[in-house]
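Shown here is one chain on its own, the form predicted on its own, set out as structure tokens.
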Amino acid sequence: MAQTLSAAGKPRAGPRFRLDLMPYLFILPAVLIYVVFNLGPVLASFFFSFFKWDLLAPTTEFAGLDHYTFILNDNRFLNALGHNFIFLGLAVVIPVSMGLFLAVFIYEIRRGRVVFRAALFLPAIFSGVVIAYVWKWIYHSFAGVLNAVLEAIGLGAFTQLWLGDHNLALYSTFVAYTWASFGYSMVIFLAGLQDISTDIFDAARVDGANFWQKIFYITIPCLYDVFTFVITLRIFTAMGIFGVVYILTGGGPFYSSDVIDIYVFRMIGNFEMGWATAAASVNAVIVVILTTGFIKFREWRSWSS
């Protein structure tokens, strides 16, 4: 009896911590690829931005903040940064709104949903180079489709040098960017719509809610997390735009459509690697600040509501 009580009264040992390495082994190849091909070059670029070097004769002469001082006082860099912010402001509004509207349209229709979804997403599957050359043909001053259509319908007075006018070049490139990007937003919103319970829409229909009331009071609030992802994606793409602008205008005319990545490319072509890496680092810091700030703001709004 004493032995039984002693055994029963003996405290059990606490749970032993056991680290299961198997899940980490599964993700290790992806982590290594990301570090080597993504994070590694970013950190190396930031490191080399503090040194004077070029592609022909790299040196290890420490430059401190000289490269950052130069680009932050360079009007061409500030001009390119301003154009990126214009792209960002337009990208957050236009492709996102188009994606939401088309997602709701496809969600509401009963027949031909797969056909519409495939047709509207089709531009997104092409590479940026293909899209840029298609729109370069559309915008061509003399043989372009856009000016030809305007002439054919009696609106010849509205024909323009779409890529040669310094007032229109940036916005013309944005139209091509929008055509290539709204499909991603549409598909993501459509996936979010399919996760909303149909009972909510049925109850709203019974209560007499019209189409727009369902959009503003049900659809948009239920897609807040999806909006966060879509807008974050637009921040990355707008601040890193390169291929479409480079092929359509090369940043011209007279730097009127210049963006940061083209500025960096130009500095690399001039063998000014210090300025190029400093400009790229500033752009990366801005992207991190914008995305982090936006996500924190969304979390705060969700918590406060």
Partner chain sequence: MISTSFGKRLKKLTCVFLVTLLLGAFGLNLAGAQDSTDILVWGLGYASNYDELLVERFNEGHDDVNIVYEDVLTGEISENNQKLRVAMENEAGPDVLGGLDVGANLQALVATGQVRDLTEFYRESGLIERIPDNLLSQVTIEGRIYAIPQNLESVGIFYNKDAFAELELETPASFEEYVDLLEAVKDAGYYGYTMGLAGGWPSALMASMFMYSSAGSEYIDVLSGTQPWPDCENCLDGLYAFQGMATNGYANPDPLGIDYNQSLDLFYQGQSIMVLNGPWFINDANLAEPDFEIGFFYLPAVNPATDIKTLGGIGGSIVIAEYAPVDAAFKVVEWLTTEEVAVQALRESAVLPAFSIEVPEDIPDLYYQIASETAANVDKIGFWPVTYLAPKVFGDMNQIVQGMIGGMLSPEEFLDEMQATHSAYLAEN
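All of these numbers come straight from a predicted model, not from anything done at the bench. Residue numbers count along the first chain shown, from 1.
Only in words, not in the display: the form predicted together with the partner chain, which the text now covers.
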Item checked: Contact test in the model of the complex: Ile260 vs the partner chain, heavy atoms, 4.5 Å -> no
Checklist line | Gly164 within 4.5 Å of the partner chain in the model of the complex, heavy atoms | finding: yes
Next item on the list: Determine whether any heavy atom of His140 comes within 4.5 Å of a heavy atom of the partner chain in the model of the complex, and answer yes or no.
Entry: yes
Margin query: Considering non-hydrogen atoms and a 4.5 Å limit, does the partner chain approach Arg76 in the model of the complex?
Written below: yes
Next item on the list: Counting non-hydrogen atoms within 4.5 angstroms of the partner chain in the model of the complex, say which of Leu39, Leu55, Leu32, Leu65 makes the cut.
Entry: Leu55
Next item on the list: May I ask you to choose, among Phe47, Phe26, Phe236, Phe254, the residue with a heavy atom within 4.5 Å of the partner chain in the model of the complex?
Entry: Phe254
Checklist line | Partner-proximal stretch of 188-196, 119-127, 100-108, 140-148 relative to the partner chain in the model of the complex, 4.5 angstroms, heavy atom | finding: 140-148
